[in-house]
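One chain comes next, on its own, written as structure tokens: the form predicted alone.
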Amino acid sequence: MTFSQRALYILRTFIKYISLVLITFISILPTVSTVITAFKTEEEYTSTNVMTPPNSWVYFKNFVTAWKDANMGLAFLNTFIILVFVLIGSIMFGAMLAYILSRFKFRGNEFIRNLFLFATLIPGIATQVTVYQIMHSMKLINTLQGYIILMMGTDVISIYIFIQFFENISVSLDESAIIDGCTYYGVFFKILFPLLKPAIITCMILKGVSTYNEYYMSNLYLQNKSIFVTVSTSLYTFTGPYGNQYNYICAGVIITILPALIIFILCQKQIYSGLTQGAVKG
């Protein structure tokens, strides 16, 4: 290796690591700022900048106030109920629909697949007027069941993930089970569905994160915030036309992050396994 080649290699390595350090710093800066702000008193928040450490790291009044005033206990309960039903419904409907589209060849099969692909290209905000009118006519606005049904019906990505998995499972399994007297329901639930574990984990991660963080539709369709408050809408208790109480908001953000962080730490092996095995193959 000549001197110029070595110098070029060192320069590229230096730029690579400097870029990684810079990106990491930019990524963790909001989190660090949130943690610092969450432990500040109102006087400290108004008199210092966001990166100035608080005088005491054991000041938990902001967390208590955020929990009580934002009604976060009820918010976590509602969010948990929504997550359970949305995940079960999305996985079951997505897997069964993918089973039909991948195993049964009928006229219009490809057309239905293309419709799902076309649906992903339409911005969700562009259909909200029509969706709202449908929800209003069915009297599903301001109800948990209406919001759950709405969230279950917006998961096209999971359908494609399940289709890809079914296409990688040999059809001979279905044929052998049917020859032995198994019905199509038995083939799906007893033989194929247990083999979809990686795809199920992947869909649970994608759908669970999007549902947990979803704000627009929960704010639009769950209008009674005293009863149907969720984790994403509870933090807006501390916003108003005369200013925002960011010390309480940051404390609430940390509270909402903790359950997801605990689940990730306890289940990271299954999560990584599901994401790698559940990736759509070309």
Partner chain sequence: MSNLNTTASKGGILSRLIKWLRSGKGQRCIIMITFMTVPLLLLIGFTYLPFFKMFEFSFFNMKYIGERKFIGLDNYRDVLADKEVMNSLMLAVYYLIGSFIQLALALYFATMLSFKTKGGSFFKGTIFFPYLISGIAMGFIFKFFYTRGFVFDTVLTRLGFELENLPYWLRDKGINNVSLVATSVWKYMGQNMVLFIGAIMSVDKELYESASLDGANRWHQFRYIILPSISTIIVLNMILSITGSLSAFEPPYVITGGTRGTATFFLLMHNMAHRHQKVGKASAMALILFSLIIIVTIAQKLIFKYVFSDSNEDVSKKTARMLRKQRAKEAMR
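This one's a predicted model, so the numbers in the text were calculated from it and none came from an experiment. Numbering follows the first chain given and starts at 1. By rigid core we mean the largest C-alpha set that fits within 1.5 Å across both forms.
The next section is about a form of this same protein that is not shown, the form predicted together with the partner chain.
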Please check if Phe238 has a heavy atom lying within 4.5 Å of any heavy atom of the partner chain in the model of the complex. yes
Is Lys139 close to the partner chain in the model of the complex, meaning a heavy atom pair under 4.5 Å apart or at it? no
Lys105 within 4.5 Å of the partner chain in the model of the complex, heavy atoms: yes
4.5 Å heavy atom contact, Ala70 and the partner chain in the model of the complex: no
Three-residue site Ala126, Ile134 and Tyr216 fully in contact with the partner chain in the model of the complex at 4.5 Å by heavy atom: yes
Exactly one listed stretch (94-102, 80-88, 194-202, 168-176) reaches within 4.5 angstroms of the partner chain in the model of the complex by non-hydrogen atoms, and it is 94-102
Using a 4.5 Å cut-off on any heavy atom, which residues of 31-57 would contact the partner chain in the model of the complex? Thr31, Ser33, Thr34, Thr37, Tyr45, Asn49, Val50, Met51
Rigid core fitted, then: does Asp69 show a CA shift of 2 angstroms or greater between this form and the one not shown? no
Superpose the two forms on their rigid core, then report whether the C-alpha of Asn49 is displaced by 2 angstroms or more between this form and the one not shown. yes
